[in-house]
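This document opens with one chain alone, in structure tokens, the form predicted alone.
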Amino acid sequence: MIKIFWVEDQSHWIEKFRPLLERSNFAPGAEGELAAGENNRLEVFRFAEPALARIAQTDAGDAPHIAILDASLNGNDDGGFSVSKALLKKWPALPIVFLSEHSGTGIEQKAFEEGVTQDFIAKHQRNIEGVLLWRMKALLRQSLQPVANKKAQLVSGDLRIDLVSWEVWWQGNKLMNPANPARPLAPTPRKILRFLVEASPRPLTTMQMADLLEADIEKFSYASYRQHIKILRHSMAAAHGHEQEFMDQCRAGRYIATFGDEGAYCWKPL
């Protein structure tokens, strides 16, 4: 049995997919339906507001296994986006599927650019029930297998690093270039953040970081290390929403903290 968080504002779609979602056996390798008397647990919301309230009230340990979201809710094209961001802020590794009538539009493009979904399925297509089922199984196969998932993602508190795409999220918000918020954070700061997280709580000196980056030791100085850390802090502060609060935490020795007098930094999540 799995827990499905579902936001859909049109009744006929709910009636169409509910039996499929309640009865399908999503366990890795399983086929067909659940045993008699068993159902998957569906939480269905028709509006964004009650869905957001439910997310806020749910304990972190009672996370759904997967979420299905309509992109546009009751005329609001950002309705699904707001729910997705709230879900990812609370459960950064949660698989999310957008099930929408807006496939191939700017809404789908925005969903992938902002990293709020892992799949975007068009409602009006042949064999939609089968498509939805096998795409959900593919996402659940990854998330329900802890070892495989661990290799694909690095999670530390509110921080999530996708080790395949190298995209980074803080509190559900993708890290962007602080000098150009329309572009993602540059690769080197992202790699530095990964190595800091993997080494945590140990600090990494300039020499150690240069070695991990396979950088030219003659060119990768403490000044360049410090500059990348400065960019990282500003990027995370922007994603944090309260920039000064984030920078104050860093100065107090948390998040991306300065360590000792040897040009070292360390990752210290709250």
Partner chain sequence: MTSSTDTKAELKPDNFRFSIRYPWRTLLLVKLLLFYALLLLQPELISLLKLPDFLFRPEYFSGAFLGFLIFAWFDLRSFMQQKNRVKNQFKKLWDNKRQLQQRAQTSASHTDKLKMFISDKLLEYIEYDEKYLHFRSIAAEVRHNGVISFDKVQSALQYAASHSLPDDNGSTALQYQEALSGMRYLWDLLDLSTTDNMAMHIGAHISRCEELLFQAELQGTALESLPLQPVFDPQQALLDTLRLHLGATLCDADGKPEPAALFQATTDAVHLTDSDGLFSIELQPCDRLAGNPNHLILLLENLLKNARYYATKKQYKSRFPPVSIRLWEAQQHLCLTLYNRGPHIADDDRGQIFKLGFSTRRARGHHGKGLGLYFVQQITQGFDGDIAFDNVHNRSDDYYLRLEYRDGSVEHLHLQQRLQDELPLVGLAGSENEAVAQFEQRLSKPLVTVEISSEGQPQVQRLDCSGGPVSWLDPQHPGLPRWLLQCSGRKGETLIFTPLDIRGVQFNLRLPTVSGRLDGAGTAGLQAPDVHELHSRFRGPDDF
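None of the values given here were measured: they were computed from a predicted structure. Positions refer to the first chain, counted from 1. Throughout, rigid core stands for the largest set of C-alpha atoms superposing within 1.5 Å between the two forms.
Unshown form predicted in complex with the partner chain; subsequent notes refer to it.
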{"query": "Which of 153 to 161, 123 to 131, 85 to 93, 196 to 204 sits within 4.5 Å of the partner chain in the model of the complex, heavy atom basis", "finding": "123 to 131"}
{"query": "Site check Thr105, Pro184 and Lys230: each within 4.5 Å of the partner chain in the model of the complex by heavy atom", "finding": "yes"}
{"query": "Proximity of Glu114 to the partner chain in the model of the complex, heavy atoms at 4.5 Å", "finding": "no"}
{"query": "Contact label in the model of the complex: Arg46 to the partner chain, heavy atom within 4.5 Å", "finding": "no"}
{"query": "Lys110, heavy atom within 4.5 angstroms of the partner chain in the model of the complex", "finding": "no"}
{"query": "Interface membership of Arg226, the partner chain in the model of the complex, 4.5 Å heavy atom rule", "finding": "yes"}
{"query": "Threshold 2 Å Cα movement between this form and the one not shown at Thr206, rigid core reference", "finding": "yes"}
{"query": "Rigid core fit then Phe45 CA moved by 2 Å or more between this form and the one not shown", "finding": "no"}
{"query": "Core-aligned C-alpha movement of Arg190 between this form and the one not shown reaching 2 Å", "finding": "yes"}
{"query": "Closer or farther in the model of the complex, the Cα atoms of Val83 and Pro181, when the shift from this form is 3 Å or more", "finding": "farther"}
{"query": "Distance direction in the model of the complex for the C-alpha atoms of Phe112 and Ile192, relative to the displayed form (3 angstroms or more)", "finding": "farther"}
